[in-house]
Every structure is written in structure tokens, then in C-alpha cells.
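Take a look at this single chain, the form predicted alone, given in C-alpha cells.
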Amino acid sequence: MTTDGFRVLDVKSLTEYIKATPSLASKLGDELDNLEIKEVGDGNLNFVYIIISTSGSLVIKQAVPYIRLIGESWPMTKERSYFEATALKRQHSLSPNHVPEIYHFDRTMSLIGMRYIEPPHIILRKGLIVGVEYPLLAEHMAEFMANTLFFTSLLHLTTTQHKSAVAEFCANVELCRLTEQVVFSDPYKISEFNRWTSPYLDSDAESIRNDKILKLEVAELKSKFCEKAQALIHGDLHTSSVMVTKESTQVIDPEFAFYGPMGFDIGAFIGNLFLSYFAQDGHSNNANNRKTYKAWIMDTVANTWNLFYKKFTSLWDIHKDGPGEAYLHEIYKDMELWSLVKQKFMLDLFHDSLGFAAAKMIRRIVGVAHVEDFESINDVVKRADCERRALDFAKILIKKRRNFNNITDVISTVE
């Protein structure tokens, strides 16, 4: 496939591309004759290659003009790679310990060259499935989200800076529309791409399509997603977009990035932790009932929000008299008023995060793209039971989210 200079690379042509690109060749020590190249793109959209030489390594990610999960019958702009590269550069500058460095970007080829996040890093979702505890995960994710969300918002930026950034990322409309469709629309109607663990969840899927109160809440969340340009969000911050060891956390794949509601990122991550929690019973056995691990997941949910709250409001306090125009210091410098502003902002953000968490959970069970947490449970009856409990919790969360004042109250409702 070749259009406007674009071509899909394979192992042979990728080698030639690297040889012709100094910024990539230099990362491999210019030792290019015996490269080890492995295609590892198990995601829904792109081709991803790991390239290793005797003295260096890197990753190449190439976007193709269709959704890889579906095929060429579902076209998708390859311009998404531009927004991913732009977001990675910005997020790396704001959270360098948790975002890989970009070495090269080729807009014509929709190709990004970046740091190879080396073993023993693995995809977080895979670690959660096998029951690995990551003691620094909540701390690192809270730091990543606090830094990337605060510094790209009007709490820190002028309106001129913010509107300029919003305008640039508005062009990532096609991936935003994909999210609108698969998260906020398809699960609530008959759609050819929807699937679920049938026939066990047939009535559950139908119940979601017929739930008027649920649909009202989802409509409000969709409106926020489409209209609330709060900060530069990752846009797809699930547990397969994070690579981990017990000491390191790296956030990848922000191709869905745009200026949207902060709670969408927070909710996506927390919602996927909840999915992992509900899947644990499907992975338990006589040797390990996973109860201790389930408690760790809930602790991680609580710590993620509480640490985010602490780090985010600390940044806000430090920069309260900076250029950010949302709450000008000369207006809000009264200490009582300042406290009220933060309380209201963070409570609204908390409720947004809970709603988006629930929406992300629902789409992963009755929508188009499912999660390995559940899919790897071989006993279909057991899998359906885990998914049903997750759905029931998500419906409560989305409808009752304004009743919760803290994350402890949320966790206490989890069975």
C-alpha cells in the first residue's frame, strides 16, 4: 500500500529505512547488518517493531490507514501518529521518568522511533492477570497524571496558550470520534461490532440498552468528553498503555491524545484496575484464591486517587500566583475562598473520573474491544460471572457517582 510517499514497512524495508535515518541508526551504534527485529503489535491499531543491535535498541511504531483489529473495512487516519508523537514529546517533558523519549518522527510515513522500554518491563495488564504486585504503581501514575494534567490546563496556562494547544489537537477528530462511538454510543444500542460472552450475558447487554437512567448519565459524560477541553489527556490510559517493573512505570501509546476532560484519563486507569479486580476470581485456584491480591488492587485504586489529589493540589498551591488564568490569584487569594475553590474543583473532577471509569468498564464487556483480564478466563461460565459483577458495579458507579465524596466510599460498595 503506497499513497503520498507512505508505505507499510516490513522487516526488510524497515532495516533499509533505519539505515537511511541517522537519528535511528545512531541509537543502534550504527551496527545495522545483524539487527534483531520483532513485530510485537498486539494492539488494535498499529504495527510495532522492537529493533535490537549489539550496542543499542529502539522501538518503531507505524500507523496504518485502517483499524488493525478490524482490517481495511474500517478506515482510520494514519495522521494519528502525529498527535501521538506530539503528545509523547509534551508528556515526556512534563513527566520524564514515566514517558519514553522520542528519537524520530516521520509524518509522511506515520512512523515514530522511540526508546525501547526494555525487559523486565511488561504490559501492566499482563502483570495484573498473573497477580504481580507493583508497590510504586499508584505513586508513579499519580505523578504522571498530576504533572501532565495540571501543566496543560488553565490552572497553569494562559488562555492564549491553552486555546492554541486546544486548536492543534482538535484535528485529532477521527480518534475522538472513535472513542465517542465505542465508549459512549455502541454499547447502548445494537451495533455490528458489539460482542459479549453469549449467551450468558445476553440479558445483561439488553438491560444496558434498555436502561433509560444509564443512558441519561452516559449522554452527560459524552457531552463532557466532546466539550470539556480541560487539559491534554492521554485519551486511552488503560492498563495495556502502561509498562511496568516493580521499580518503574512507563506510559505509552497516547495516539488518542487531545484536550479533553481530566477525569477521562483518571477514570480510564481506575476503571481498568476495577476490571482487573473483578477478573481475579476467574484466575483464582486452590493454591491461590487471589483475596490478598484483590485487596492490593483496591489499595492501589485508593492510593492512585489520593496521591493524585495530593500531588495535583500541591502543584496548584505552588503555582497559584503563576500565569494560569482559570483562578487568578488576585481574585482568589483569600485563604477560605482558595480552599473552597480547590474542594469544589477536585470533587467535580472525582465525580467525572468515576463516571468515565464506569463507562470504560461497560464498553470493555459489551462493546467492540475486550480486555485480556476477562478473555483469558477459559471457563466461560466463570468469565461471564466475573463480567456480570463488573457490569453491575459499573452501573451503580455511573448512576450514583455524585453520592460519593471519597474513594474509600466507592471501594466499600465493591463486592
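Just count from 1 along the sequence shown to find any residue number. What you see is a predicted model, and the numbers here were worked out from it, not measured in a lab.
There is also a form predicted in complex with a further copy of the same chain; it is not shown, and the following applies to it.
Undergrad: With heavy atoms only and a cut-off of 4.5 Å, decide whether Ser223 touches a further copy of the same chain in the model of the complex.
TA: Within the cut-off, so yes.
Undergrad: Does any heavy atom of Val130 come within 4.5 Å of a heavy atom of a further copy of the same chain in the model of the complex?
TA: So Val130 does not count as contacting a further copy of the same chain.
Undergrad: Any chance Ile190 has a heavy atom within 4.5 Å of a further copy of the same chain in the model of the complex?
TA: Flag for Ile190 set to yes.
Undergrad: Find out whether any non-hydrogen atom of Tyr134 is located within 4.5 angstroms of a further copy of the same chain in the model of the complex, and reply yes or no.
TA: Close contact is absent here: in the model of the complex, Tyr134 is far from a further copy of the same chain, nothing within 4.5 Å, heavy atoms only.
Undergrad: Choose from 97 to 105, 327 to 335, 281 to 289, 134 to 142 the stretch whose residues reach within 4.5 Å of a further copy of the same chain in the model of the complex, heavy atoms counted.
TA: The contacting stretch is 327 to 335.
Undergrad: Could you check which residue among Met109, Ile123, Met76, Ala229 gets a heavy atom within 4.5 Å of a further copy of the same chain in the model of the complex?
TA: Contact check passes for Ala229.
Undergrad: Of Met298, Cys176, Ala205, Val182, which residue is found within 4.5 angstroms of a further copy of the same chain in the model of the complex when only non-hydrogen atoms are counted?
TA: Partner contact (heavy atom, 4.5 Å) among the options: Cys176.
Undergrad: May I ask whether Lys310, Ile396 and Lys400 each come within 4.5 Å of a further copy of the same chain in the model of the complex, counting any non-hydrogen atom?
TA: Not a single residue of the candidate spot has a heavy atom within 4.5 Å of a further copy of the same chain in the model of the complex.
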